[in-house]
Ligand SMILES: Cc1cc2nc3c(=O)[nH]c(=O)nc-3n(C[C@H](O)[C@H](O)[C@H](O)COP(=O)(O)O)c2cc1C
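Take a look at this single chain in structure tokens; it is the form predicted alone.
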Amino acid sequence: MVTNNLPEHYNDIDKIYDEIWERLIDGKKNRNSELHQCYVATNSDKFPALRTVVLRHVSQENLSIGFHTDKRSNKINEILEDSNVSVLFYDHEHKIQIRINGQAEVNHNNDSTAAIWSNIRSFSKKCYLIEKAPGTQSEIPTSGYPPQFENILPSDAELEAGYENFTYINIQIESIEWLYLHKDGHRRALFNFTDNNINKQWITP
């Protein structure tokens, strides 16, 4: 709700916190949400590594979010070497930025990935059938798919081969930063999580 051109959360840090989780949950389930895709930064050898991923899991209770990726991608080794990651969301329409810092955990071929894989759509499973690791150089334009799967959706049995490459990255949230842009003055807030406690703090935009 907007009052006098200002949303209810404008000067209410508790409403901001609720707004964050409402938007993340909607971003996870609504592919048209501006928070459905986000940007994940890891620490690499020379430069920070940044890429776009799809928000696949959100748990307010467990203070975690997650996404799916190929176990052969560079981000896996980067996370294994340094689990500190940052995730950036931006809603252009509502001028809201959400930045999350946390610890990333790689899940591969375990109970978590088995449960997730069983509920993934077939066309998403196909992504994990590419023959070479993501980022591999090629002499020609390529989708990476084996020739027999180039323009078709493989059978359920054929898709199962992709499970070997499927990985779920769970991010345990340590802090969330909120930024709301408004012509009358921006609002920025920081939420830190320690020992199941939440420290809510206004900060200067």
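The first residue of the sequence shown is number 1, and the count goes up from there. This structure is a prediction, so every number in the text was calculated from the model and none was measured.
Separately, the form predicted together with this ligand exists; it is not shown, and the next lines address it.
For residue 68, a non-hydrogen atom is located within 4.5 Å of this ligand in the predicted bound form, even though that partner is not displayed.
Taking the partner from the other structure, this ligand in the predicted bound form has no heavy atom within 4.5 Å of any heavy atom of residue 179. This ligand in the predicted bound form comes within 4.5 Å of a heavy atom belonging to residue 52. Although the partner is absent from this view, residue 122 stays clear of this ligand in the predicted bound form, with no non-hydrogen atom inside 4.5 angstroms. Heavy atoms within 4.5 Å of this ligand in the predicted bound form map, among the stretches 139-147, 53-61, 24-32, 152-160, onto 53-61 alone. Checking 112, 83, 73, 101 against this ligand in the predicted bound form, a heavy atom within 4.5 Å turns up for just one residue: 73.
The partner is absent here, but in the predicted bound form a heavy atom of 37, alone among 175, 37, 172, 43, sits within 4.5 Å of this ligand.
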